[in-house]
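Next comes just one chain, in structure tokens: the form predicted alone.
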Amino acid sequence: MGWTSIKKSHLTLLHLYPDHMNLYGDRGNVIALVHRAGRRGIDVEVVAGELGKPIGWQHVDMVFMGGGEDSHQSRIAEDFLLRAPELTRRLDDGIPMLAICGAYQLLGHYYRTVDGQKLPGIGYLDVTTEPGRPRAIGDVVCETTLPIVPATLVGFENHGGRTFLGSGATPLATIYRGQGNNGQDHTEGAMKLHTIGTYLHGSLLPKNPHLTDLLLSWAVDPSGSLMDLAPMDMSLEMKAHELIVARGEKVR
């Protein structure tokens, strides 16, 4: 099926808790999505979903939620639980969601903070997160099974949580450099349908334009039948991507 046959000229991007969950430049992911859509003639309306703010879920084409410190996650956790039924209904419809770090943790069953507080997640991803030391900090290079070329993803991790995948979870990628989910099983992130949870900050999408385009293709067509957008230059972004890949040899 061709790009022009089902092209949308307008997308609504829901940015959940932008005032609370925005560590390490995570807002740059929204900028990347808007930019690469706009260059293709697709207008993206960014709608902020803050605490207690009504959301017109029927109009949402994609969702982004960034990372936050434990105190920020504690503030939004209850509100996020209240939104879970409508959010998961839309995710099951196939719209894409990108969840970074703290958002990824809250998509799981729970996140236990370093001081022992257990924050319940919405359970959409079959993952749990426990505290760990030392913090996982540094560049990450990993390889995903998503239909993107190249298959590598790069980013920067900075997290104390150790996330463990249950039997119902599919890892986003295999780690070659960095700690990823827990520093033990060589996995990074998790995914379900078109939902991606990951520890990759950086921001993630400016250094991975091929992933940006995949998310946009899912927003245009949640059925997943449309896998390719109109071609667009990404040579500058891939220079940053390749620099991180080249910083170290692949290690397992």
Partner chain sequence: MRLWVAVWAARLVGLVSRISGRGGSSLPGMVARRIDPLVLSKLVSRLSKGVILLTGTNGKTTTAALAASLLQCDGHPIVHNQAGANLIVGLTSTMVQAEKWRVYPRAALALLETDEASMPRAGQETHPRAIVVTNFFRDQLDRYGELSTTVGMVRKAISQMASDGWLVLNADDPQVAFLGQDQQHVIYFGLDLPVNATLEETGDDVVDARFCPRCGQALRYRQRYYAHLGDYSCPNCGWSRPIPHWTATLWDKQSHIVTVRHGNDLMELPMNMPGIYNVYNLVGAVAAAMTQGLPAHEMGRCLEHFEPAFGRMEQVMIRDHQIWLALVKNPVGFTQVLEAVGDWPESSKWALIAINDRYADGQDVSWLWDVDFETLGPRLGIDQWWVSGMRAYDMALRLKYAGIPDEKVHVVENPNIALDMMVDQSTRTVTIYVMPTYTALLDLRQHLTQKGYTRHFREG
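Positions refer to the first chain, counted from 1. Note that the coordinates shown come from a computational prediction; the quantities given were computed from them, not determined experimentally.
Form predicted in complex with its partner chain: not shown, discussed below.
Candidate site formed by 60, 124 and 221: none of these residues places a non-hydrogen atom within 4.5 angstroms of its partner chain in the predicted bound form. Though the partner is left out of this view, residue 45 does not reach within 4.5 Å of its partner chain in the predicted bound form, counting heavy atoms only.
Among heavy atoms of residue 156, some come within 4.5 Å of its partner chain in the predicted bound form. For the chain shown alone, residue 206 is a contact residue for its partner chain in the predicted bound form, at least one non-hydrogen atom being within 4.5 angstroms. Among residues of the shown chain, residue 193 is not one whose heavy atoms approach its partner chain to within 4.5 Å in the predicted bound form. This chain is displayed without its partner chain, yet in the predicted bound form the stretch 135-143 from 135-143, 115-123, 91-99, 168-176 comes within 4.5 Å of it by heavy atoms. Residues 68, 69, 70, 72, 75 of 68-103 are found to place at least one heavy atom within 4.5 Å of its partner chain in the predicted bound form.
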